[in-house]
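First, one chain by itself in structure tokens, the form predicted alone.
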């Protein structure tokens, strides 16, 4: 986030480097969480592994056993010991309180749909606030290279695209609240009241839910235990540099998995792509299929799924099974990247009258059931295309039922949702 006053990117300053530095052990869940957050936030940092008592004494004056790692040295010279991503964000000046008591529009989720909505809403004069519980970019921020997005013939990293959109939204006057997310929603008359995860109350005349999806889990034993200790979710943008000379595994057959394979295979000795289906072309864009098949260090394990994660303190190997032959396999690997889609983040709506489908996706416009509208829709007009079963509450992007899971469609839906917000506000607040 290059416009932040507390951070100077040494690649742009032209002067003395004031890069953020991080120290920690290689197999550390906390260190991975920090690397992942900083990478997706487009923060330049230097990572130093501390694996000996000698190195640890030089850094902390303590042994590896006694030292509290990871450690983050901030550009301003201060040191954080075992910080969380939220604490680093706060010390960099990114965590702020709302500037207003009420807003014309609140947007939840700073992925492509939410960022697009913020840009269009702010540029058109609405008082808008954008809330994000983690890093800007959503799942797109994990992508090592988006090659089929309009206007970028050479491709662009997901985090870089998100950072450009963030800067654009801020320039137009949108307010961004990081490390904030809604835990409960309530609709009172013409006001939408959300309780945030820090206890703050957010009031707006309209809202757009663009919270996207959370990575789907494998559903095997020890998955949570090994998270960050060899098991990772997403395309591995922060971890590719640490895979040099290693054998790694990518699980999934969609575009995110394909991008992960290409990104990791440039560093790793070998990459095994574990896919449930019998053919990549059914779920993967053709340009990715051809590139993957041309990588000599990539092996395809089709009709396969992961059954077990093995290792003591960290991942050491992965057990698989072939669904056609029943043959079981054992793949040695210290890193496994899971890219098998996601589940919508809509728990906040469970106590509201917003309709969700059986998977938790928000139902909008013509997809709303007649029975639900009969019981909950209070207006004479029909819901707008991206409007939920609560007037003035909209959904855009991956969180919406029947949405197209692409960056471009998310951006389009974000812009379209703002057009409907204007129509709603003109009906009720002019």
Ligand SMILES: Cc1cc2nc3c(=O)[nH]c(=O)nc-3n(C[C@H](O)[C@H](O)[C@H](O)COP(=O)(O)OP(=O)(O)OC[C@H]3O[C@@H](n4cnc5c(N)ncnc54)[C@H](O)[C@@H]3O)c2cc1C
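Everything numeric here is computed off the predicted structure, so don't read it as measured data. Residue numbers count along the first chain shown, from 1.
Another form exists, predicted together with the named molecule; not displayed. Remarks below refer to it.
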### Query
Does residue 406 make contact with the named molecule in the predicted complex, using a 4.5 Å heavy atom cut-off?
yes
### Task
Flag residue 139 as yes or no: does it have a non-hydrogen atom within 4.5 angstroms of any non-hydrogen atom of the named molecule in the predicted complex?
yes
### Query
residue 132: heavy atom within 4.5 Å of the named molecule in the predicted complex?
yes
### Task
May I ask you to state whether residue 316 is within 4.5 Å of the named molecule in the predicted complex, using heavy atom distances?
no
### Query
Are 95, 120 and 128 jointly within 4.5 Å of the named molecule in the predicted complex, each by at least one heavy atom?
no
### Task
Could you work out which of 253, 75, 182, 230 is the residue within 4.5 angstroms of the named molecule in the predicted complex, going by heavy atoms?
182
### Query
Which one of these stretches, 326 to 334, 105 to 113, 307 to 315, 271 to 279, sits within 4.5 Å of the named molecule in the predicted complex when only heavy atoms are counted?
105 to 113
#### Entry: Residues within stretch 315 to 353 having a non-hydrogen atom within 4.5 Å of the named molecule in the predicted complex
345
